[in-house]
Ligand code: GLN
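There is one chain below, alone, in structure tokens, taken in the form predicted alone.
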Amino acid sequence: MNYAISSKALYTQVYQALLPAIQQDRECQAITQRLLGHYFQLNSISIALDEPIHLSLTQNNLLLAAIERLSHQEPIQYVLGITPFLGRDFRVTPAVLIPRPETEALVQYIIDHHPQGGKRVLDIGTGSGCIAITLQQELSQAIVHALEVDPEALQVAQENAKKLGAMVHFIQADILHEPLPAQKWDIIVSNPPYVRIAEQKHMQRRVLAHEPAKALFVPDEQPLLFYQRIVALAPYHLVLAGKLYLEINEVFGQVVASLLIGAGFERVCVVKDLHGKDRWVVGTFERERNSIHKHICL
């Protein structure tokens, strides 16, 4: 059984139902718009024109269930089961971290700096697979491997690769305790856990309650745990002039850069994000290197 309702009326109902939990007006507007777009293919123009909607019982129940979950601070990406990343929709579940705009920017940075085809790429800690899959599809003739320790996350990444038609070679392994495959890559990229436990008090409740802690946090006493391991392994698995790209905690930009320099990387750069925060460290491994060329570019 269907019943008719105007777009504006439905928008208002959903917005008012969500506002007590979300509290911030702009965020509530954005989430309301996203819900209506997902379930009813309504955009801002449709709502402004107040187009009529014929709401089925099934649609109404789905919408009510989504509102209930959002009211308990569950991220909308998990509620809808998808999130956009550089023009593609990726399935996400609580087994994987929700991709951030900073990671999108890192992947775009890599794409922009590698116009040549045929690159071999390794993504360490792939999660949803957003980095590996996007690079496989955006870099011409790229051969991409993606490593992940968690079997549930790996399954999500594999499903995304299949859905998006990406040829990615997945590897289940623990980067902290297992060696990398005996291969070499042109590019190694990683967005590893880097948030210290002490930083939890500054984070949103929805992140702490719903996103996988093991993909976010490192011990306060070992904040560089993953970087030290990756930087130690990378020289043995990069081709001559191979590149290492690391997303970082803004607090440790210079420290991570120093790790790369100590491991023999050159042209080490700490790159800032759109908010002016140190967000990535990039380095090139040259086996025939001259220490006088080592520098940090800010």
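The structure presented is a predicted model; accordingly, all values stated were derived computationally and were not measured. All residue numbers refer to positions in the sequence shown, first residue = 1.
What comes next is about the form predicted in complex with the ligand, which is not displayed.
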item	value
Touches the ligand in the predicted bound form: P75 (any heavy atom, 4.5 Å)	no
Exercise: Q136 in contact with the ligand in the predicted bound form, heavy atom 4.5 Å	no
Y194, heavy atom within 4.5 angstroms of the ligand in the predicted bound form	yes
Heavy atom of A166 within 4.5 Å of the ligand in the predicted bound form	no
Heavy atom within 4.5 Å of the ligand in the predicted bound form - residue from I187, L80, L97, A105	L97
Answer option from L224, L86, A215, I171, heavy atom within 4.5 Å of the ligand in the predicted bound form	A215
Segment that reaches the ligand in the predicted bound form - one of 113 to 121, 156 to 164, 87 to 95, 194 to 202, heavy atoms within 4.5 Å	194 to 202
Partner contacts in the predicted bound form for 46 to 79 (non-hydrogen atom within 4.5 angstroms of the ligand)	none
